[in-house]
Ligand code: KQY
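Only one chain is included here, represented as structure tokens and corresponding to the form predicted alone.
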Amino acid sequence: MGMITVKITLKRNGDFMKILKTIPKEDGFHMPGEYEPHEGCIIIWPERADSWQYGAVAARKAFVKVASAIAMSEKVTVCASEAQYDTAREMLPEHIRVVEMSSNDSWARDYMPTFVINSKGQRRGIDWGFNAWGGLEDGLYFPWDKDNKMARKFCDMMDTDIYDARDFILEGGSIHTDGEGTVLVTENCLLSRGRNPHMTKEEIENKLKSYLGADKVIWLKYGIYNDETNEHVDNICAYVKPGHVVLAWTDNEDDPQYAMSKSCLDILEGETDARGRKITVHKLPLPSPVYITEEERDGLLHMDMEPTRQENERLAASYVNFYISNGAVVMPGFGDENDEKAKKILEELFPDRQVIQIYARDILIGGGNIHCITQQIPKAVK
């Protein structure tokens, strides 16, 4: 009996991920504002026992609430390790996609792709270098090798081209943009010795402009007191629309945060954005200082023979750490008297979106909050 030979020809149709060495701004791409339309959101399932107390049981419940709130108006993809896939799939609603993808921890904002778009509605990702907020200088854990592959893996899954910027250390939480040419950052973070010490402030600014398609970078000096990311901007200041920001604020002049927030206020009120507009600052009150309890601290495994948190450590709690979805603003609550006040301010600033407040202390213990565990995927035609 003769053999039948079948010839298969594979044609490259352009729907595969390409790793790009060009510059986004030169290619006509820019980072849109978070309040612009999304295709979806990325979240990473919590697992690490030295970040999430008592085996991350409480943290996972909080993550489910966040994912469910966002999924009311946009598609949510949750990345989970092989060991946690079944748990994530069981706990999350069926309309939330779960994919297996290994990471070192659960901070989608900081190492998943920063997405940029162009005037044709095309979308690409940026693959920044990630070294766990400071590498061997003052990073928060080691290794971070799995985290540093996540952006590229996700774009590969989406058939989305990605810019190779791994030579530049940057976390998504350290930048905020209005989508119209202006970027907010903090000096304490971007100029820290553990990130890009070989670069000057001017060189870092030019890198941001080139990759985010921006024309102006506004440098705030500080973030939130005791923020272990070297004070990410997304915990203290965020755009709510072009020309308008919210700023984490306290009236207590004895609180070390007061001088930090006042410095940011002075800078913002003295600046204009890339289009020449004065910036309107809306003060968003901070909760009363949040300190880790002995019970919470004891629920965290040690890292390298050292406790993850110190006794009575002040956590970097802020209402600014919210996520803007297509139909909602998903914000943290802390069981504090300022929870409702902060919510009402955001309701006034986002009249066309539902403001959903989620008790987020169990996320905060890990070191960040709702904005830190999410990364938006802008809407695109491709």
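Start at 1 and count along the sequence shown; that's the residue number. The model shown is predicted, which means the values in this text are computed figures rather than measured ones.
This protein has a second form, the form predicted together with 6-aminohexanamide (KQY), left out of what is shown; the following refers to that one.
With the partner removed from view, the residue among 186, 229, 182, 114 that has a non-hydrogen atom within 4.5 Å of 6-aminohexanamide (KQY) in the predicted bound form turns out to be 229. Though the partner is left out of this view, residue 127 does not reach within 4.5 Å of 6-aminohexanamide (KQY) in the predicted bound form, counting heavy atoms only.
Although the partner is absent here, residue 53 lies well away from 6-aminohexanamide (KQY) in the predicted bound form, with no heavy atom inside 4.5 Å. Looking at residue 372, you'd find a heavy atom of it within 4.5 angstroms of 6-aminohexanamide (KQY) in the predicted bound form.
When 6-aminohexanamide (KQY) is considered in the predicted bound form, residue 140 lines it closely, a heavy atom lying within 4.5 Å. Considering 6-aminohexanamide (KQY) in the predicted bound form, the lone stretch of 147-155, 105-113, 198-206, 285-293 in range is 105-113 [heavy atom distance within 4.5 Å]. Along 364-380, residues 366, 367, 368, 372 each place a heavy atom within 4.5 Å of 6-aminohexanamide (KQY) in the predicted bound form.
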